[in-house]
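The chain below stands alone and is given in structure tokens; this is the form predicted on its own.
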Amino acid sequence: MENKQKKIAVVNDLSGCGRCSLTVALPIISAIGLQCCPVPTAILSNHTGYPSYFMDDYTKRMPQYISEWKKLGFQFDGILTGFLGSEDQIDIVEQFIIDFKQENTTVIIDPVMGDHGKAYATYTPALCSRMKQLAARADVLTPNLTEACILTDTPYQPQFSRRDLELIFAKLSALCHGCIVITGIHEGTFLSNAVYDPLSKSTVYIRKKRVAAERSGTGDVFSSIVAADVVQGVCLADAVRKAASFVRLCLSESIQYNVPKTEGVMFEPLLKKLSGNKLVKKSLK
């Protein structure tokens, strides 16, 4: 069974409280049936949305950590990257992809750079430029609308027409030759995710009714499900439908139990819905 089980290396920070990053990816990827192998970029007591937090930057330790994996000959069916806090970390991750990507390895890059039309404070123009270079290595690129605008030097606006979105996809496709998913597209009372296939040059729009305000960690839930499914050979559009439906369920659960927004989405009671395709299809209708 060890040789048959798929493995995904996940490069992200570890926040002890707040349901984001690796504390989301580990249980979700495991529930889907894959082995999740974390590469920590930083250790935090809780995510930075709280009034205070402790953080240990892991940048200087990452090369030695990774070198042991290389020495031992570890191999991965997928590589998923999340938030990266510096140019040095982007350099390390790019080299990680060069060293560990094989013919059948799928690289999923979630370019966590900003939201609501603004780049995060740590994302300088130089860091944004380096993220563009890293994005070029993606087999699947999953920016939100803000990040898609940053990557393509497109002025942000809260809503784009689908024709304008196609122009953004064209620019992203010139940057990254893999499949592209733009998340968090507001279309009236709906929230859409758009999936672009570079081979057919076609886009599929997947719409869901908005049920609540956005919360921390929803992007990590989404990208973890997409990565796990795509690595197992699931069609990307179907993986996105599943991820969007699950996030919607998690948001509803969080509202029902009055979970504070800083604590992210309450996904733990719903993990069983991810463990089998038949169960998932039935529960996410």
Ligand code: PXL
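In this text, the rigid core denotes the largest set of C-alpha atoms whose superposition between the two forms falls within 1.5 Å. Not measured: the values here are computed from a predicted model. Numbers follow the displayed sequence, beginning with 1.
Absent from the display: the form predicted together with this ligand. The rest refers to it.
Using a 4.5 Å cut-off to this ligand in the predicted bound form, each of Ser15, Leu44 and Gly217 places a heavy atom inside that distance. Proximity to this ligand in the predicted bound form, taken as a non-hydrogen atom within 4.5 angstroms, holds for one residue of Ala148, Cys176, Val181, Val112, which is Val112. When you look in the predicted bound form, the only residue of Ser30, Gln232, Thr48, Ser252 with a non-hydrogen atom within 4.5 Å of this ligand is Thr48. Here the chain stands alone, but in the predicted bound form its contact with this ligand, taken as any heavy atom within 4.5 Å, falls in 217 to 225 among 217 to 225, 59 to 67, 243 to 251, 31 to 39.
Looking at Cys20, you'd find a heavy atom of it within 4.5 angstroms of this ligand in the predicted bound form. Although the partner is absent from this view, Phe83 contacts this ligand in the predicted bound form, with a non-hydrogen atom inside 4.5 angstroms. Interface membership of Phe190, defined by any non-hydrogen atom within 4.5 Å of this ligand in the predicted bound form, is ruled out. This ligand in the predicted bound form comes within 4.5 Å of a heavy atom belonging to Tyr120. After superposition on the rigid core, the Cα atom of Trp69 is displaced by less than 2 Å between this form and the one not shown.
Taking the rigid core as fixed, one finds a CA shift for Asn258 smaller than 2 Å between this form and the one not shown.
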